[in-house]
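In C-alpha cells, one chain follows: the form predicted on its own.
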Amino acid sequence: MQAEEDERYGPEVTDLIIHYDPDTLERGRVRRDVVVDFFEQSGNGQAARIAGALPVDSAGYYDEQAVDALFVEVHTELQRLHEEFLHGERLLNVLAPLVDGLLESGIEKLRVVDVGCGSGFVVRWLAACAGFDERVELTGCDYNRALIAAANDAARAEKLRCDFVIGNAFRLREPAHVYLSMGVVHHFRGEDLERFFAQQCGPETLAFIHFDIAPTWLAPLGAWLFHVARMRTAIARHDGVLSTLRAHPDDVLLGAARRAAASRGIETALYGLPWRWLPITRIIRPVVGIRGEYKAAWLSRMGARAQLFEEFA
C-alpha cells in the first residue's frame, strides 16, 4: 500500500531539480529534459510545465544560480507560513520540557540539530524566543549551500546565538543529542524512511522530535487554499499541496521509527494527533523518540500536555 502511494504521488519538483551526494556533499548537474520527461511519464503535467520553465545553461542543465535563488525564495515564503501557523511555538511546547528534563537529569550540555533546516527559521526562532541558556547549542544543517548562507546571514543580522552548517546532519563532527525537523520526514519513502530514523539512534542521541503534516481528509484542501493565497511561486504552490498528499499515515511513520529505534533503547510515540472531525486544529504533529531513562523527566514537565502523547513503546 505504501509503495503504491509513493508511486501515485511521486516526488516534488524541488526533489528533482537539485541533487547532492549524501556522502561527498558534491552537487550534481541536473538535466532539465530528464526531469521534464520524468514528470510527463508520471502523468504530472503541472510539474512538467514548472520544471520545463526553469532556466538552463547551454548544455541543457539547470542553471545552478537560478535554482539556488529559487530555493531561497521558496523557503522565504515557507517561513511566512511557519510564522502564521505558529510552528515555532508548537515545537517549543514539546521541546522546552524535554530540554529542561535533560538538563536537570545531569546532562551538562545539549546540542540540538535541525535536520534539513532550509533557511533556518526554526533554529533562528528558537534562538530568539526559547530562552535557552549557553548549555544549549542550536545548529541547523542542510545540503543546500545557498540556504545555509541565507540562514547564517539572517542569524548574524538578528544577532542570534546559533549556527548553520553545510552537511549531513548525521555525520557532524560533534553529533547531536536532540534531532529536530519541520516538514522534512515526508520526503523519505519506504526503506529510506526507516534509515532516516536509524541514522539518529546513535549512542549520543537522547531524543528526536520530527514534525510533519498530519494526513487528514482536510489537509489537501487546506494546503491548496493557503498556498494559493500566500505563496507567490508556482513551484511552492505545487510542492506544498503535493506534500500533504505524501504525508505518511500515522502507522507508517510510527512503525518506521519504532523499528529503527527499539533496539537502541529509544522509545517512540506520536504527539497531539488531530481530532478526526475537525483536523484543522492540528495541521502538523510530531513523531518523538526519547531514551527510556529520560522519559519520566520529560513527561513530568509536560504536565497535562503529556496526555496528548500516544502510548510510548
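All values reported here derive from a predicted model rather than from experimental measurement. In case it trips you up, residue 1 is the first one in the sequence shown, and so on.
Omitted here: the form predicted in complex with a small molecule. The next part is about that form.
- With the small molecule omitted here, the record of contacts in the predicted complex names 72-80 of 72-80, 99-107, 127-135, 201-209, defined by a heavy atom within 4.5 Å.
- Using a 4.5 Å heavy atom cutoff, 118, 142 and 169 all lie near the small molecule in the predicted complex.
- The small molecule is not drawn, but in the predicted complex it has a heavy atom within 4.5 Å of residue 188.
- Taking non-hydrogen atoms only, residue 184 approaches the small molecule to within 4.5 angstroms in the predicted complex.
- The closest non-hydrogen atom of residue 242 lies beyond 4.5 Å of the small molecule in the predicted complex.
- Using a 4.5 angstroms threshold between heavy atoms, residue 219 stays clear of the small molecule in the predicted complex.
- Of the candidates 147, 155, 214, 176, 147 is the one whose heavy atoms come within 4.5 Å of the small molecule in the predicted complex; the others do not.
- Relative to this form, residue 109 and residue 169 separate from one another in the predicted complex, with their C-alpha atoms ending up at least 3 Å farther apart.
- Whereas the shown form places them at one spacing, the Cα atoms of residue 169 and residue 196 lie at least 3 Å closer in the predicted complex.
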